[in-house]
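Given next, in structure tokens, is a single chain: the form predicted alone.
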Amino acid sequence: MGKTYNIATIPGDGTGPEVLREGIKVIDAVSKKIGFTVKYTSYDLGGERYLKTGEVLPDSTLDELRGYDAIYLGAIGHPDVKPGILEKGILLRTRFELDQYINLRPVKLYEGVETPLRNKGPDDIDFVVIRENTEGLYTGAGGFLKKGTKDEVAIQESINTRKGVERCIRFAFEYTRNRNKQKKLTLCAKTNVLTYASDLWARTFYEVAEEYPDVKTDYAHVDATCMWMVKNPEWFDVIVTDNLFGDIITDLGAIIQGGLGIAAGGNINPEGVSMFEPMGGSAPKYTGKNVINPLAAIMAGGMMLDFLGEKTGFIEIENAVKKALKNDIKSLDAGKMGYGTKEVGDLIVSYINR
């Protein structure tokens, strides 16, 4: 008998519950095939709860989340809630307080998926971005002076600690070594302008690199990174970067791998509870129409299994997704897939069960 995993699910807003439902369906098919058990506990965090109760993420709920093996998220974002309330109150607070200090974003183009990059294919687009997830400009440090007047001043500070930078970089070196492809780690920063924060990143990067002689190192300014991701994505193996730059370049990565419909990510605490999610938003205009693409949520579920130690489960899911993309699914765009949301989930399960 295999292991039992206790997973907290947060369906969230808009189409989040729909895509998460298909992800759970696929995980259940894999667990039955391989022989492990997944138990789910759902939390009604999101816009509807906030509008009814004024609660975003109660302390008691956050304490409960600490006790799970992982968290599986659908989407956060409600059209009737001011932007920032849910994102900061749920997503950022969960990342910060559960110390999910790594954001892990594979950028991989699968056969059958179109990329906007001319003459590039699956052999060219296959790299990973490791983004520091709990520091930088996202800490909320700063404030206003004379807000609302003609003399208003807004200050937003980037907080970078040696501890936070080093543990992210060490994770990246270990990941690059274990990924065992090009074994090349690229630091993405802006040392020519952000001379304090980027200097800390660069010094730490090259100091840690001495402990990994088998890993090649490289450096690129963030603007150059964006350029090379478009022009020569095959140059990259693993990229490590700070919170803001990582947020930006992973969205660029999503587009070159075919769009947010396939982009999945993990918010990782290697020593604690991690959270896995599709990278797209809640897409409220598609809610309840059975047209949203669930593949990113399904792949996020695969990443979750991989993190939990069920590598075979991840491989089963990825192989099923590859087959569906190559043989069946016409587009990653909502309403253009040739299948409904539920039917895509059923299709992936059918490939797993063959």
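Remember, predicted model here, so these are calculated numbers, not experimental data. Counting begins at 1, following the sequence as shown.
Not on display, but discussed next: the form predicted together with ligand IPM.
Student: Are all three residues Glu87, Leu92 and Arg95 in contact with ligand IPM in the predicted complex, where contact means a non-hydrogen atom within 4.5 Å?
Tutor: Every listed residue reaches ligand IPM in the predicted complex, so yes.
Student: Can you pick out, from Tyr110, Phe205, Tyr138, Tyr175, the residue that has a heavy atom within 4.5 Å of ligand IPM in the predicted complex?
Tutor: By the 4.5 Å criterion, the partner-contacting residue is Tyr138.
Student: Looking at the partner-bound form in the predicted complex, is Asp247 within 4.5 Å of ligand IPM by any heavy atom?
Tutor: Yes.
Student: Name the stretch, out of 192 to 200, 130 to 138, 177 to 185, 110 to 118, where some heavy atom lies within 4.5 Å of ligand IPM in the predicted complex.
Tutor: Going through the listed ranges, the match is 130 to 138.
Student: Sequence order please: the residues of 102 to 122 with a heavy atom within 4.5 Å of ligand IPM in the predicted complex.
Tutor: Contacts from 102 to 122: just Arg105.
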